[in-house]
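First, one chain by itself: the form predicted alone, in structure tokens.
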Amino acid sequence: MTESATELDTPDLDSCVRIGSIVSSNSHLDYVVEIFKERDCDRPPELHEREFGQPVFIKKVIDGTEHAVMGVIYDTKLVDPDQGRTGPRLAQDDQAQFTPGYIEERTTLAGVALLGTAVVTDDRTIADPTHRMPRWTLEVDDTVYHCPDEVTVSFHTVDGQIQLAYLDRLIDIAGDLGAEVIVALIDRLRRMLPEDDPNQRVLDVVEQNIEWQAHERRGVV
């Protein structure tokens, strides 16, 4: 881990803001989260804590070891069950794919793509991050937590180098928003690192490649 990352005052994972709970999934790596309201918890998330590109995590105990399953918010959707009950509904097919049918009140849903995992240590931080596809399935009602920037940097720092080995998977899940969510993650990492950190150059190169690929897919010369 880089000196800049180890010097960060990493927050206690148990004190992180709860963003919402899982209500369904579209695949092994793509989950739908219902955002908490005031009645759901003492401290519901503020808008900037559940914004596009916000890293999140879910705590899971596997074979006696606690892990943090890391993810990122790549989309949001407002749901009003009353919409269309007295008339035609727009984009029914798209909404049915993203919205669980049993939601009966106005709510906000977030699409969360999983990025990898890390071990939760005794001092409630993370260690041994990996960007491999998580093998474990999350469950309905699992709590999704806001991931502070310090934890995000720790998750992305392996052997002193910034890594984003999940890029191809994230683009597949996020589709047209894939490039934008990756750039949002890069901007977040860039702000947390010193300006003279060699990893800044790595982030610049990755961002340039992602933007070029996005232009190519959209037919922009």
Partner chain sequence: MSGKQSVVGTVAGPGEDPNEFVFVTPADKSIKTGEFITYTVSVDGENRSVFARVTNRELIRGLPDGFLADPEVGPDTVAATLGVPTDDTELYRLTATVIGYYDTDMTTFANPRQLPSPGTPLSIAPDQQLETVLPNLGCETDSADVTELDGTAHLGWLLNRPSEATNIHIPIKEFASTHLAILASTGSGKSYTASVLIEEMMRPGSRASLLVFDPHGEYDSLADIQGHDAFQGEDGYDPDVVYYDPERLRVRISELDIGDVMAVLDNPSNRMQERLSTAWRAMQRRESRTWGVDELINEMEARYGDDDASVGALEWRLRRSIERNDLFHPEDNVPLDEIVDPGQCTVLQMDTLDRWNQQLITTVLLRRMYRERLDAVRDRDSEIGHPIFALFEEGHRFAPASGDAPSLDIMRTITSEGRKFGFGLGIISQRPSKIDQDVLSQCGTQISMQIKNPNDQDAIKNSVEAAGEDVLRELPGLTPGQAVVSGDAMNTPALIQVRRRRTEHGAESPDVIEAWREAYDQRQREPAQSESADFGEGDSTGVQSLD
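Positions refer to the first chain, counted from 1. What you see is a predicted model, and the numbers here were worked out from it, not measured in a lab.
The protein also exists as the form predicted together with its partner chain; that form is not presented, and the subsequent description refers to it.
Its partner chain is not shown here, and in the predicted complex it never comes within 4.5 Å of any heavy atom of Cys41. Proximity of Ala165 to its partner chain in the predicted complex: non-hydrogen atoms within 4.5 Å are present. Its partner chain in the predicted complex comes within 4.5 Å of no heavy atom belonging to Val23.
Although the partner is absent here, Val17 sits far enough away that none of its heavy atoms falls within 4.5 Å of its partner chain in the predicted complex.
Residue heavy atoms within 4.5 Å of its partner chain in the predicted complex occur in exactly one stretch of 173 to 181, 156 to 164, 59 to 67, 46 to 54, and that stretch is 156 to 164. Residues of 178 to 209 placing a heavy atom within 4.5 Å of its partner chain in the predicted complex, in sequence order: Arg201, Val202, Val205, Val206, Gln208, Asn209.
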